[in-house]
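Presented below, as structure tokens, is a lone chain in the form predicted alone.
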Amino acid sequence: MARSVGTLVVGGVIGDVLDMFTPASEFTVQYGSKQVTKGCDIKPSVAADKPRVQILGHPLSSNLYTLVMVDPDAPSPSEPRLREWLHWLVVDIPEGHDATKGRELVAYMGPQPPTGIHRYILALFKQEGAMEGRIEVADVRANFSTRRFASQNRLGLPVAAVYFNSQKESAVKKR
């Protein structure tokens, strides 16, 4: 993942979901062999299972991170009245490790765009310390706010982010 927010600005991620930030960490997101980069296209079937998310850095570091995945285009890009739809939330991910080493607060839900091209944003926040027992998450995925969540949990601005586009796949016709 490049340390630039240019594609996030062009893709409307900065503005719709995140405030302008300076990248300070790096992470990779992979669905099978497909790495998420610069608003690439990924089919819902490819992203049905949670991706491998690797926080780059020293494995002996004491830094912990929060990962938030949202769809700001729900139910449709022209009428995003459910913005943001929460797809995944993991806290306490140690630097130098993957998201499976963190604590999943909201289970992964793969992309299921009903209409139009949807953006799926993965934002990474550096924590001040472990979130044990001090984090609150509503039991609702619709109308989640990444900004509000970050503010309420003293996460500040993201330290990295990446996004991909996805749209409904054509039904396979049976013969």
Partner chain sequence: MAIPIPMATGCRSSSRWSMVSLKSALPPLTSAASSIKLPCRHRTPPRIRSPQLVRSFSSLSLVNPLHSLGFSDMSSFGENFTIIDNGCRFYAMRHGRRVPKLNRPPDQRRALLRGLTTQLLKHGRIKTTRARASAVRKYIDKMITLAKDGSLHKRRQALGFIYEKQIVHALFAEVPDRYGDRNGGYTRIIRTLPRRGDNAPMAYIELV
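What you see is a predicted model; the values in this text were computed from it and never measured. Numbering follows the first chain given and starts at 1.
Omitted here: the form predicted in complex with its partner chain. The next part is about that form.
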Each of Ser62, Thr66 and Asp92 within 4.5 Å of its partner chain in the predicted complex, by any heavy atom, yes or no?
no
Heavy atom within 4.5 Å of its partner chain in the predicted complex - residue from Ala142, Ala130, Ile117, Ala107
Ile117
Pick the stretch from 51 to 59, 117 to 125, 144 to 152, 23 to 31 whose residues have a heavy atom within 4.5 Å of its partner chain in the predicted complex.
117 to 125
Can any non-hydrogen atom of Asp73 be found within 4.5 angstroms of its partner chain in the predicted complex?
yes
I'd like to know whether Pro77 contacts its partner chain in the predicted complex, with contact meaning heavy atoms within 4.5 angstroms.
yes
Partner contacts for 41 to 72, taking its partner chain in the predicted complex and a 4.5 Å heavy atom cut-off:
Asp41
